[in-house]
Each structure stands twice: as structure tokens, then as C-alpha cells.
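As C-alpha cells, one chain now follows by itself in the form predicted alone.
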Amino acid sequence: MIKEELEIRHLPKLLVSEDGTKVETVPQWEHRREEIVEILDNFLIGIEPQLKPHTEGKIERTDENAMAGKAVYHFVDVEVDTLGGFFQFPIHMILPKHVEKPPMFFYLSFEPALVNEFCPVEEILDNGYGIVSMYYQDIAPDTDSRFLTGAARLAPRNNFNSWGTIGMWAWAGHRVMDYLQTQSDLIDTNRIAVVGHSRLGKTSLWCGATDPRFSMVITNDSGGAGSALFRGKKGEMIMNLKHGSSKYWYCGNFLDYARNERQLPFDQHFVMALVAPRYLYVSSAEQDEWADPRSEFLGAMASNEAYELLGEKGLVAPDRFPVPGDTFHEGKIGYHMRPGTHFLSRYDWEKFMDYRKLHGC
């Protein structure tokens, strides 16, 4: 059933190089991977400018008895020197006291405060994980900004393949990872998972796909230009992304494919395949028709080819579409389908943690 559905959608070939060569070896995949990044740079995210960033972190304040004494809370300023100028933004990091060098979640947040409706911090701590959060609008505003403020000011741009705000948010995520890599006395720097929801699920996917320092990439209800395939998709399409603040999320070349998604030189399985052979987690909600959970599941399935080429199991699931309550955790691509609507819930976090404990990632 799943194979037939993927064939009907006529996806561009993941394992065929631009010159028509079939990709069958690891060196060939490494070359193909570079091709895929170049395609996505030019036709989806936009090309990240060569800013040559130098990152440092400064702990501004520490609460040694956060969460009723069970955690240590660090308020940190991330300072980045670049060829385009100086850039600075705050992050929040909270670590459980009962775990030495905990594995971490890097959470891309819709709220400036770490504790918010999308992030059950105390439960995450109780499960032995630390968490660091970045408020996305501290990086580039999610408004009709015309690229005049935030990280956009660090480099000149054009209307075709310059980076959009999702690229900027992901770039800042890489700078957070720069800082976290200096904290090996406090955290397990080899087990850091990036997680985001909705537009920040699109961002977490790109952030983690292009930075191998992340051990795991989690994208929740990310829909169009996230985990959902465009070909055959329902709900959110490129035309919907051409209006309001979302028209700034991507490069101009991408928006030119509105109402013409079948001509895109990629589909979203290209993005997810970049995570291979690391751990990838895709989660959907049954009633999230705008994101289209069916197409999210198929996107994860279509990226299996890269994992299998590299000798790994990708998404291991029955030959049927998921139903609410389904959890597929066997392979290096995890997936669950949650009942309900578009949200990042405690249920989702519990599944993320269950998967991490199972695989030690």
C-alpha cells in the first residue's frame, strides 16, 4: 500500500545523481548529499552567507535552585562575531541535578520564557534530560520585516536564492550548538536533539539536517516544507506560504513554484534524508489536515532509501497508514500519530523521550 502510494506521487529520485548515475555506494551518497544540499539551498531555504562566525557564550545569571531545587537554570547570552557584524541573543538552559552530564533537548521556542504551554520542563527534567531553548524571534522577526532587522542585516541579499528566516533561525541554532559543544563538563555533548513544532518543526528539520553534531532531529506537525511531501499533499501548499510573514521563511526561487509543486527539483524526503544515518523523529496529529499527516508519514517513508543505503533501518512500520495511537520506534526514523489537532503536547514529548531512551540517542 505505502509503496504504491509513493509511486503514484512521482517523487524526484533521491538516489539518482544529477548526471543520471544511480547512487549505490557510500562515496556516491556523499556526493549526492552535496548535490541535495545545493538544490535545497537554491530552491528552498536560500544560501547561508559565508559569515565565518565565531561564537562565545556568557552566563549572565544562574538559579541554583530552580524547579523547587531540582534543577540549575542558566541564563546565557550567545555572542557571535561575523564578517557582517556582531550578533547576540539570549538562550535558557536548565539541567537536572540528579543526572551528571545529561543528554539535552535543544528546543526552538515560540515563547521567550522556557516554561510555556508547549514545553513540559519539569517532566523533561524528571526523565533525566536537560533542555536549552532559543526564542526564534530573537533571531529574525516573524513579521513583515522585509529582511531589514535581526540576522538579515548581517549580509546583503537578492530576491532569488538568499536565505529566508527559517535559514536564519537554523543558523542561530548552529551557533547554540557551537556554545553547547564547549559545555562538556555540564552536559553530554554527543547526545543533543533539536526539536521544533509547526514552522519551528520546519526549522528544526533544516537545523539538524545540516549540522551532524545533533544526534537526533525531531520535527513535530511540520507539514508543507517540513516533513510532508508536496506532491499529492492536502492543506498547506506553496501558494499559502506566499502571504503574510511566511513569505519571508524561504528563498524567492521556492515561492516561484506556487501552484506548480510537481515541478520542484526536490521534495521533502530530500531534506529528511540529509539526517541519515543519525536519528530522525517525525510526529503527526490526526486532525492536523493543514499539515497533512498522511504526507508527513510518506515523507519519512520516502527517506528510508538513504538509511538503507547506509546500512541502517529507517522507518519500520506496517504496510498501511498510521492511525491515532500508533508508535513506530524500531528504526532510526521514529514516528507517532497523536489524536487531536495541531499542537506540541506532553504526549509528544513523552514519545520523544521514550524513543531516546530506547536508542540511547
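Heads up: residue numbers just count along the shown sequence, starting at 1. If you're wondering where the values come from, they're calculated on a predicted model, not measured in any experiment.
In what follows, reference is made to the form predicted in complex with ligand GCU, a form of this protein that is not presented.
The candidate site formed by 129, 214 and 351 is entirely out of contact with ligand GCU in the predicted complex, as no residue has a non-hydrogen atom within 4.5 angstroms of it. Of the residues given (75, 257, 266, 290), 290 alone sits with a heavy atom within 4.5 Å of ligand GCU in the predicted complex.
Of the residues given (87, 270, 106, 249), 249 alone sits with a heavy atom within 4.5 Å of ligand GCU in the predicted complex. Although the partner is absent here, residue 133 is not a contact residue: none of its heavy atoms lies within 4.5 angstroms of ligand GCU in the predicted complex.
Residue contact with ligand GCU in the predicted complex: residue 147 places no heavy atom within 4.5 Å of it. Taking the partner from the other structure, ligand GCU in the predicted complex has no heavy atom within 4.5 Å of any heavy atom of residue 175.
Mapping the unseen interface onto this chain, residue 110 counts among the residues with a heavy atom inside 4.5 Å of ligand GCU in the predicted complex.
You can rule out all but one of 91-99, 233-241, 157-165, 181-189: in the predicted complex, only 233-241 has residues with a heavy atom within 4.5 Å of ligand GCU.
Residues from 328-351 that approach ligand GCU in the predicted complex with a non-hydrogen atom within 4.5 Å are limited to 342.
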